[in-house]
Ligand code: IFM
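Let's start with one chain on its own, the form predicted alone, as structure tokens.
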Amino acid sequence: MDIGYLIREHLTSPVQAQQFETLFTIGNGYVGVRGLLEEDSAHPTFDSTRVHGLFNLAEGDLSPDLAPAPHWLGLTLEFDGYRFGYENGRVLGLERELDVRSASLTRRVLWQSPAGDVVRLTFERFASTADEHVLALRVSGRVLHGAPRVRVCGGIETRVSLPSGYNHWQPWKTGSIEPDAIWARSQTTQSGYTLAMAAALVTDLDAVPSLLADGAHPQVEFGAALDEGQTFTVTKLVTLFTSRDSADPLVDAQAALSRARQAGYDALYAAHCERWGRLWADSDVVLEGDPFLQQALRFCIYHVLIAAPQHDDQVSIGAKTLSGAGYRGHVFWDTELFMVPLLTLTQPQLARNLLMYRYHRLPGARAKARANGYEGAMFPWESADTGDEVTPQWTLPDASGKRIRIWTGELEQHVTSDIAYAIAQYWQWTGDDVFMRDYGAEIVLDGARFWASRVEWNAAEGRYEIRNVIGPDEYHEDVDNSVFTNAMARWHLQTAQQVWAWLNERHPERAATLGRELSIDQVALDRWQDVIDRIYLPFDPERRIHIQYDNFFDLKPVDVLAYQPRVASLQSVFGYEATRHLRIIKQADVVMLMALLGAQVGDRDVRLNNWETYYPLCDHGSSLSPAVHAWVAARLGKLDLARELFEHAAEIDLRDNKGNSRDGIHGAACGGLWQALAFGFAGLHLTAEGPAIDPHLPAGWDRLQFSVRYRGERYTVTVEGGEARIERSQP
């Protein structure tokens, strides 16, 4: 086994427990399951399992949340009446490892009960990628000393809550199918989604199962006498359906459970591994010379893959994937600009699903534009199931009762162009003209209509401006002429012109239809061109730098680089209100613009000047920032610094260097790490002839190899020993 695929935990401090619950999430693009311990009976929430799309607005809450599914992992093992657990008896040895190659979690424990019996237990689990409705858990045991009687109990715990404490479910109905199989079903309180689970607990022991009557926690139990040296296996198979994917979730869950039992754990696991073998064939990265970075890259790719819906184009990946309660499961620009590119180039069908989510939610984007007095489609900063804006306007009260106004839902508008950028990138790499004709073009064109109506004419200066926005640097709100926002709006309008010309040339009927539906005529096209020609992009011609926004350099300067080492953001150091008046940048802003548009931003001197100006001011208060900086630093030839920033990005979850991995995986950081490697260090880019590379690797990186897909063909990039090549390879 290549250890580059393994994430290991040995004896862990209790303060790290929730971090490892996040790190050890398993999933399959339909469901995510945090790494809670099977025997943990005192977990504060039992919030282990999340399913895509099940949003609900609880009474009294501020915005919809992704409702937690029942906790299905629970398994009690008692030996002569002593419950197995770290707090009982003695843990003689322990290791737990996530194998990202097979998307499975394994734990091995050598345990001595208070009575002196010694057992070796191996716990294994996976969420099937071959059948996304199947979850499986197996415990294998061997008695090394003593002859205890074992009691096993497992079920479906429906008393699950989020850290916020809100309840999202109507009273659960539960029952049994057979003496060793149970079920649970309920409906969300506001959105009306139904979820049903069925579970069976089977064993090779000579034991008779029975049911434990508990309406909120149906369980199966059995017991048997064990001899010294005896081995035994307990398997828990679980199936899960919702009304999003089934007309009768309970009927389908029970039927799927019957099929899973007939197949058995080993066959289910083999099919699951076969599917993951195909995923890794296209998605793997080999980086020789730095074992930690090799591990981190595969870890990050894994977490994007387990969150990406395989068969559903009505859901997307939240900022914390399906691995934690952070950001309520909401979808941000994190998806399109940080996670979609990895999938576009390695798993294009999964990228297409995510972009289709935005297409299906155009009505919400159009409603937001109308509500704000604009035309076209104005996508929400935070999106859930309906496509409406779900960013809360206020934070919850802190300990002193103080609340902070949240402006991002109203002012952080660049997300509309970010989505268009992901669509254009997908189209360029895949050549999926059907998607662009039927879906992508409509998003791009209606987003352009929004920008054409959003700009404001400054007659005194003879230019278009975009005032009262928030750029990527969210420390500064309500600014005028964010250069990122303005430049991306201009890019969006230019791209819309190209898409419109392509439609008229290749698909005139579709162009005519969209022209009527979106009111695109010569007057509208002239308006687009006028905005392109005269939109204001703040630039200092003497210093040859872009100005982040109007009056940015009037802010009080701070020696940001002096505040090291630290984990906390500088906003938490100075306070929310004070930081607004300081020259501190939350995350890549002008630098982000250079990553996306490259030489379109300016010549090399301008980009270097921008870097030297803005890099020292960046707090990296967002997990999105280090990877983008690494990407740009690599392209500018600052390889030592690029590697340092790359390592920072790689450590965000594995070493919890933001201090909040307990809330869920930083999905954008995961996707950003791959982009920094591919577009930054490898210099991957498109030319008229197809993919090309311009690699610059730091010292110590002996070999880099990864694959991408371009218009249906697979290309392998190899950089080794001073040689670099990109070549077509076998699919």
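Since the structure is predicted, the reported quantities are computational estimates derived from the model, not experimental observations. A residue's number is simply how far along the shown sequence it sits, counting from 1.
If you look for the form predicted together with this ligand, you will not find it shown, but the lines that follow are about it.
Enquirer: So which of 88-96, 519-527, 634-642, 584-592 is the stretch with heavy atoms within 4.5 Å of this ligand in the predicted complex?
Expert: Only one stretch qualifies here: 584-592.
Enquirer: Though only this chain appears here, would Asp619 touch this ligand in the predicted complex if you measure heavy atom gaps against 4.5 Å?
Expert: Asp619 lies outside the contact set for this ligand.
Enquirer: Please determine whether Leu624 contacts this ligand in the predicted complex, using a 4.5 Å cut-off between heavy atoms.
Expert: Heavy-atom contact with this ligand at 4.5 Å: present for Leu624.
Enquirer: Find out whether any non-hydrogen atom of Tyr426 is located within 4.5 angstroms of this ligand in the predicted complex, and reply yes or no.
Expert: No.
Enquirer: May I ask you to state whether Tyr327 is within 4.5 Å of this ligand in the predicted complex, using heavy atom distances?
Expert: It does: once this ligand is placed as it appears in the predicted complex, Tyr327 has a heavy atom within 4.5 Å of it.
Enquirer: Looking at Asp334, Asp446, Asp653, Asp385, which is the one with a non-hydrogen atom within 4.5 Å of this ligand in the predicted complex?
Expert: Exactly one listed residue reaches within 4.5 Å, namely Asp334.
Enquirer: Identify which of Tyr475, Phe241, Trp381, Tyr549 has a heavy atom within 4.5 Å of this ligand in the predicted complex; exactly one of them does.
Expert: It is Trp381.
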